[in-house]
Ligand SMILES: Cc1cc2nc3c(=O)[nH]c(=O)nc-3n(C[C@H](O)[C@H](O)[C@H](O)COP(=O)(O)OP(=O)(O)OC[C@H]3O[C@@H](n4cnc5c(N)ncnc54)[C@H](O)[C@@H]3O)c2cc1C
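Next up: a single chain in structure tokens, the form predicted on its own.
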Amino acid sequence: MEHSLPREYDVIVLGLGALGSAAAYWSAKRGVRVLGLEQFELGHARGSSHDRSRIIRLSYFTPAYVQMAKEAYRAWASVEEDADERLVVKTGGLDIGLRGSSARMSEHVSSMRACGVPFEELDAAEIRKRWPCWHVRDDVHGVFQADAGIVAAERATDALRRAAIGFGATLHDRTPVTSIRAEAGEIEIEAVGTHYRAGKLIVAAGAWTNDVLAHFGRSLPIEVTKEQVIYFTPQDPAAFALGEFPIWIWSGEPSFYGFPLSGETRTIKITQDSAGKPVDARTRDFEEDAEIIARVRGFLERYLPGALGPVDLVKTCLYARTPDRDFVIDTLPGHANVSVAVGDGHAFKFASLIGRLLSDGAVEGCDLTPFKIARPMLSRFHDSEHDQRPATDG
């Protein structure tokens, strides 16, 4: 039986989580014909883009990230205007930790200073004065940056998709891809029996990135881990009220982070960063990790006891992690019309900007050199012509 003629587009985006939805939005905003394909239902909980909130901040460990974070706020403002919805709420952000125990905080300070970002350095007494719920000794210090806050995760991803559709994008969910071919400068895709063709392909498939790259005989050294966040009902909700309490990150090993009260619930989200175990995205479970919960409880008992109330909810997600924990934002070697983005579990705050980068190829002030596929830490990037499985199977 003959195949029907492929449906023609300028750009096809694979994966409609935050990064892919942003790529579809910015591409459609430019006036090109966009098709977005998602293998699961829109807003699904199998990847990294669901849940209520994500941290956004200017405090980062290299100047490249700080400059990107500046642009990220502007990129989200564009979505807010086009979707007519507020998505970013500034709460201020506190990096906190033991003196001398983490180089990361000093890196944040030097990077913000290099990029002209204002901040305050706080000793333990000042931290206790501003936020009495922190039970910290004098060997603790912090850095406060007023522009940090929260991005409404699920609402933001939905807003990106709505805005993309408003600019003319076609988005299909429950549409897994079965074949991809690069031919004569174009990309041809088959999904659920339908053929599509485009001049450019954007891969934003998260934990399934290597499943897509296998069609090109390629893979990236990505480790997929199952992470989780925990929602506690605090003993004194007023102490953690939005507008009174900042987002915070405990800088150390292990590292923890948390949020003030937000939304309609009376709970606060807290967890350990990058604590999950390797999994296979296709077979992972959604069960709670008791070890993570125990470590978070131990931290709260010591430093933030007022937050340690009953557990209201535990949610899991997947990180697609690179060896150096830096993003991938680059074209595929040998395929200049195929762009790839991997967020390494900390990209949501940058999602709208990364979508713009995938669409435009460049944004003034953003140095993408650290995110190239050909960097030394991704030296395992290899021709997998004889091994079509993902680089990590969990």
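Just so you know, these numbers come straight off a predicted model, no measurement behind them. Residue positions are given as counts along the sequence shown, with the first one as 1.
The following text describes the form predicted in complex with the ligand, which does not appear among the structures shown.
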Quiz item: residue 176: heavy atom within 4.5 Å of the ligand in the model of the complex?
Solution: yes
Quiz item: residue 65 near the ligand in the model of the complex, any heavy atom under 4.5 Å?
Solution: no
Practice problem: Indicate whether residue 24 is a 4.5 Å heavy atom neighbour of the ligand in the model of the complex. | Solution: no
Quiz item: Is residue 18 close to the ligand in the model of the complex, meaning a heavy atom pair under 4.5 Å apart or at it?
Solution: yes
Quiz prompt | Which of 300 to 308, 204 to 212, 238 to 246, 95 to 103 lines the interface with the ligand in the model of the complex (heavy atom within 4.5 Å) | solution = 204 to 212
Quiz item: Taking the ligand in the model of the complex as the reference, which of 335, 33, 346, 70 has a non-hydrogen atom within 4.5 Å?
Solution: 346
Self-check item: Heavy atom within 4.5 Å of the ligand in the model of the complex - the one residue of 220, 318, 75, 292 that qualifies
Solution: 318
Exercise. Check each residue of 20 to 46 against the ligand in the model of the complex and list those with a heavy atom within 4.5 Å, in sequence order.
Key: 20, 37, 38, 39, 40, 44
